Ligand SMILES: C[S@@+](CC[C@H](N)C(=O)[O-])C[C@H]1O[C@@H](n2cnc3c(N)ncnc32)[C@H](O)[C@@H]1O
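In structure tokens, one chain follows: the form predicted alone.
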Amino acid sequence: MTEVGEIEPWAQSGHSTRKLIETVLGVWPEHAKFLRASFNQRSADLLLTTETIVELLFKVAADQGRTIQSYADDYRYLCEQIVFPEEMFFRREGRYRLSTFADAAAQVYDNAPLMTRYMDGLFVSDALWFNHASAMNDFASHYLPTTKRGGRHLEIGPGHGMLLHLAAKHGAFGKLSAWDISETSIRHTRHVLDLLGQSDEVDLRMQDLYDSAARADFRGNFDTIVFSEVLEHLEEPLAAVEIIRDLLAPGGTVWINVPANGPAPDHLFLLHTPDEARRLVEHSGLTVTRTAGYPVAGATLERALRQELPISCVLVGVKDA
């Protein structure tokens, strides 16, 4: 319980972020301790990125005629009904529950009601979970400023479109592309970009990363590639990174975001440390130039490693010129 006159750690956040937190606490007051831990650690640039995420969430909600409370309800459902059981399994067994894409499709992806609440809850988590928001901020504040002006940029698996939005907002790329294997995901991403007035800037297409014939025309074609929260869903993660290496132009870079110790009902590939992620990327033939580990709210990286708590692992790999 906050004492009278005590300033909450999100007080310096933007208006939309404060409104989201107020709404979440309205449906889940017990979550205040977690949110205090999450916002106690936020820098000024992280708060700005958080506000950008929440502003997009508000625009999408308004376009859909939905209330922010409905997103808050889905966020609580995500935490308590979707992620928590997977965390308990991970603690008991030391592994993720599923190991094949077919099982994930049957139990998660083909369950439309579950997927809707799952994706909406994750949208909120990108703002409220320290590790998720920090990875987004790493892309916006650290990676984008280093990219080649006029370069050709690709995102594989754009999800809700947040990173594409940030890339387009950056305004320095000569061409923006995005690939996904799901027509539903493509429609969703296109709708978000339409809402933001950015759809004309992005070549958005259905493309299977593992389809060698379909991707043949794109070898060596991209100066930058984003691969965020995709590796953990794959049965063959090394093959995916090797394909990304082939898609990069000489000297091109890839920004990868993958969780360690991040159980979820559709996560298949388990990493325990950022160093394991680095070795995977290096084994693909890329040179890793930067790594970062963003632990779950309230934990230092050292404690997260020791206790196998969730860590968002960010890596930048470069293809030799």
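Nothing here was measured: the structure is a model prediction, and the numbers come from that model. Numbers for residues come from their place in the sequence shown, where the first is 1.
Separately, the form predicted together with the named molecule exists; it is not shown, and the next lines address it.
Checklist entry - Picking from 221-229, 246-254, 169-177, 81-89, which part of the chain touches the named molecule in the predicted complex when contact means heavy atoms within 4.5 Å? => result Stretch 221-229 is the one.
Item to check | Contact of Thr100 with the named molecule in the predicted complex (heavy atom, 4.5 Å) | outcome: Heavy-atom contact with the named molecule at 4.5 Å: absent for Thr100.
Checklist entry - Heavy atoms within 4.5 Å of the named molecule in the predicted complex: does Ala239 have any? => result Answer no; every heavy atom of Ala239 is more than 4.5 Å from the named molecule in the predicted complex.
Next on the checklist: How about Thr147 - does it come within 4.5 Å of the named molecule in the predicted complex, if we only consider non-hydrogen atoms?
Outcome noted: Answer no; every heavy atom of Thr147 is more than 4.5 Å from the named molecule in the predicted complex.
Item to check | Partner proximity in the predicted complex: Ser212 to the named molecule, non-hydrogen atom cutoff 4.5 Å | outcome: Because no heavy atom of Ser212 falls inside 4.5 Å of the named molecule in the predicted complex, the answer is no.
Next on the checklist: Quick check on this chain: which one of Arg190, Arg76, Arg152, His160 has a heavy atom within 4.5 Å of the named molecule in the predicted complex?
Outcome noted: Result of the distance check: His160.
Item to check | One residue of Leu195, Ala104, Leu114, Leu234 in contact with the named molecule, assessed in the predicted complex (non-hydrogen atom, 4.5 angstroms) | outcome: Partner contact (heavy atom, 4.5 Å) among the options: Leu234.
Next on the checklist: Under the 4.5 Å heavy atom criterion, name the residues of 68-92 that approach the named molecule in the predicted complex, in sequence order.
Outcome noted: The stretch does not touch the partner at all.
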